[in-house]
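One chain follows as structure tokens, the form predicted on its own.
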């Protein structure tokens, strides 16, 4: 008898019928809200199940719904729907812009809007996200100016980074958005270190690390988890499990063997697993997690279960490795449609208002996009001053750089 190794394979490939029969999701409302001081051992149920609030009819049910309370909730939900619609409009417009050659690269977060839009609203000024390139929704929900957002995509004079980063790799310290690294594991290491510094310097700020399911296989992820387990800094360790890491499915990163949340339990970190397409579940779980970390109870892992509707990037052809109909078959539905139905059930929204809202938000996005395009795109570049390459690194420019700038005549 020869020895063997395992080659994980997805449940369906192009031409097959999408198959999510191996996903076992509990009914909404079955999980209680744990105490903030919950230990890793006590979190096993939360790491292997799924926190859900909205049922199939769009009604909010269970203890996590009660945890949200009612004061200010409807206004927050209406704003959340608006943020998600704006994010979706930006995605659609930037995909077209890239296809038209106006920018070189773009990554959509379509289908994952609820995670960033709901999470951001629970943070305080001074907290810091260490995001991936698919969390533009954090910026949208924080009120980041559209002119800066589009300026970065087109790398014109409105780009806060002056063209020093790839499009979509934003950086906005004042909005709690740390510089994105293309190597995603580094975000985990830096977020843990930042949280340790926050604790050592006596602030009450927390950090949020972001990573995809695929990048949990990186060395940096494991280094950060060990450090977080030992020193227990105030950090929320997010894993966005959107089922696909470029062309490899989540099983390649270990998702077939266990949940990504349960991996946190193995490190001794309390962990929960949440329906990332359920806006209310994301709100409630983030409210609990931020209270826990800010309250001195140490780190927490959150696995957000969602589905990457779009291709990995504008350089990717998702039809080459997964069924075309797979996104529509995703059993947890679409986050925008689910929140819309919930607000209709509450009597705070309607199909007519939704149609009007979509149109108004798209008009706002198109107006901001065109204003930005007038300042230059990849098709019509308007170059920045050469002196810009000397700026933005040192607070006090060293003498040798001053001489180089003078030699350039800039």
Partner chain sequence: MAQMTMIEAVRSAMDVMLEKDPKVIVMGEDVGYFGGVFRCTAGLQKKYGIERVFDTPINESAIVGMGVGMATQGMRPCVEVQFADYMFPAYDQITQEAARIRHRSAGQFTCPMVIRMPTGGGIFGGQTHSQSPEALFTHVAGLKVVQPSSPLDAKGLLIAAIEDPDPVIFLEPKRIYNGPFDGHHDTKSVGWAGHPLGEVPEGYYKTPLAKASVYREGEAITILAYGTMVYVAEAAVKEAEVDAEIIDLRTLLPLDLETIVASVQKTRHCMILHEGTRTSGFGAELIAEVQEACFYHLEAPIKRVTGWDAPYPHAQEWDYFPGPKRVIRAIKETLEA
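Residue numbers count along the first chain shown, from 1. Fair warning: this is a prediction, and the values are worked out from it, not measured in the lab. For the two forms, the rigid core is made up of the largest set of C-alpha atoms that agree within 1.5 Å on superposition.
Although it is not shown, the form predicted together with its partner chain is what the next lines describe.
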**Prompt:** Which one of these stretches, 257-265, 209-217, 226-234, 309-317, sits within 4.5 Å of its partner chain in the model of the complex when only heavy atoms are counted?
**Reply:** 226-234
**Message:** Can you work out whether residue 297 and its partner chain are in contact in the model of the complex, taking contact to mean some heavy atom pair no more than 4.5 Å apart?
**Reply:** no
**Message:** Although the partner isn't part of this model, could you tell me whether residue 190 comes within 4.5 Å of its partner chain in the model of the complex, counting any heavy atom of the residue?
**Reply:** yes
**Asked** Is residue 97 a contact residue for its partner chain in the model of the complex, using a 4.5 Å heavy atom cut-off?
**Response** no
**Message:** Considering non-hydrogen atoms and a 4.5 Å limit, does its partner chain approach residue 179 in the model of the complex?
**Reply:** yes
**Residue among 250, 186, 158, 110 with a heavy atom within 4.5 Å of its partner chain in the model of the complex** = 186
**Single option in 165, 142, 122, 243 placed near its partner chain in the model of the complex, where near means a heavy atom within 4.5 Å** = 165
**Request:** Flag this candidate site as yes only if 43, 69 and 274 all have a heavy atom within 4.5 Å of its partner chain in the model of the complex; otherwise mark no.
**Result:** no
**Prompt:** Going by heavy atoms, what in 119-147 lies within 4.5 angstroms of its partner chain in the model of the complex?
**Reply:** 128
**Prompt:** Does superposing the core leave residue 12 with a CA shift of 2 Å or more between the shown form and the other one?
**Reply:** no
**Item:** Is_shifted residue 380 between the shown form and the other one (CA, 2 Å cut-off, rigid core)
**Value:** no
